[in-house]
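What follows is a pair of forms of the same protein chain, given separately as structure tokens and numbered structure 1 and structure 2.
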Structure 1
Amino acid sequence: MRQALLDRLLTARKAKQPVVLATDLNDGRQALLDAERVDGDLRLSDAELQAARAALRNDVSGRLPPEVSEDRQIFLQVFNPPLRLVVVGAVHISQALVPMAQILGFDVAIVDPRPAFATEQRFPGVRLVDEWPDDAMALLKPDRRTAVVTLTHDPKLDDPALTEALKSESFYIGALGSTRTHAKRLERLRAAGLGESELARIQGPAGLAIGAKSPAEIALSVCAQMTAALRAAPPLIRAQQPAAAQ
């Protein structure tokens, strides 16, 4: 690898910026690219660039398929920063959500200033942040590889966390609560000066509509929605019910 490209890669990794390294296996030429920029001596076609960025988005390394790159063999190596999940509220749903998120590869932090909730006994081995949510968000610095979920139902805790999360590039921001609760939440945030485009980023009520009832089912629905956002999956469309038998 040329020194300039190595320096660019190290800089990106230090800044926790997702990048993908494309290498022509025939001649060794390389290109390093992100969502907007391409560096290096390997020239990629529009189709190859699109495929490389899709690989970055999907976090999948490997060779470009022949239908994309017919005349050469190009290997893509994805360098993504770790996935993170910031959970606001050390509540019972969090006890189900945290291990599921960890299995999915998320590095989890729980924010809750209430010492009776955020304990090592309830969340062994999990980073616990006992600051108020706005201070905690400033400490944790959510980035484009971070999901934020608020679970407390308490506006004093959830609203500051959401306000700060909306200032970040978090790929997923979810807030637990009923449709009515979410409508009131949006009214408060709107009154606090947040715009409609910002409020539209909040997934509320958090989680896919799978009919979840129990804490584990709610956690599962939230994990599914986070994954869909991470992979830029198209919106789910409810299937039509078959006609009743005559």
Structure 2
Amino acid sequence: MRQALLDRLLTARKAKQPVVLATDLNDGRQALLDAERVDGDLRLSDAELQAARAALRNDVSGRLPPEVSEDRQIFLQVFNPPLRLVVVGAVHISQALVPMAQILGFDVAIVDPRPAFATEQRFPGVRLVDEWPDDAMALLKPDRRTAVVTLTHDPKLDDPALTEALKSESFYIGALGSTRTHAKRLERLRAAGLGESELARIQGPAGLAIGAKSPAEIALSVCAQMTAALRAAPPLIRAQQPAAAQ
């Protein structure tokens, strides 16, 4: 890789700008591109440029298929900013969820306007946003690489956060609370004018059904569900469930 291209790549990483590096595996020529710009000594056809930008949007690195790049081997490496997690509620479960999500590669922000909860002492080194959730969401701008989890159990905080999250392309929206609590929550949001398809995006009660009891176990179940949503995993098949057709 040429020094100039590496510098540009590192600058893009620092600025959290998504870029994709295209490499001709036969001669090592490279191009670094984003949605508008192309740099480097590798010339790409229109079809190759289009495919590279699609790879960037879809966050998939790999070889360009032969129908796009017939007689050469072009490898695309996607450099997207880190995944983000917005946690609403600086509560006990957050103290387990935040480090787990960080190990999974998430850049975490915690939203809680209550000064007693969102303290540096409880969440060292984590970005704390002490605004009301709707203002916080306007500030954080969740996108398709962001997960949002509400944990406060307080409708005054959770509901506006969910309402704002549903306006975004967040790949995962989870709301903690029992099935009853969630049913009431859906009632309130429905009364506030949200539609069924929007409400269906909320995972509630948040987390995979693993029988989680402790805060750490609940955090684990939420992390597992976020990962399943991120990787578009097929629904789990329950081994002990009797087959309906037999």
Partner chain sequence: MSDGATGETDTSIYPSTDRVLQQAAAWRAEGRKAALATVVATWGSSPRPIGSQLAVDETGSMLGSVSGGCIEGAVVTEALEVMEDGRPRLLDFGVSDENAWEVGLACGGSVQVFVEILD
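Every residue number counts along structure 1's sequence, beginning with 1. Think of the rigid core as the biggest set of C-alphas that the two forms share within 1.5 Å after superposition. Just so you know, these numbers come straight off a predicted model, no measurement behind them.
Checklist entry - Two forms of the same chain here; which is the form predicted on its own? => result The form predicted on its own is shown as structure 1.
Next on the checklist: residue 89 and residue 10 - same rigid part or not, between structures 1 and 2?
Outcome noted: Different rigid parts.
Checklist entry - What is the rotation of the smaller rigid part with respect to the larger, given in whole degrees, between structures 1 and 2? => result From C-alpha superpositions, the smaller part turns by 53 degrees.
Checklist entry - Can you give the CA shift of residue 42 between structures 1 and 2, in Å, with the two forms fit on their core? => result It moves 11.7 Å at the C-alpha.
Item to check | Angstrom displacement of the CA atom of residue 25 between structures 1 and 2, core fixed | outcome: Here the C-alpha difference is 3.3 Å.
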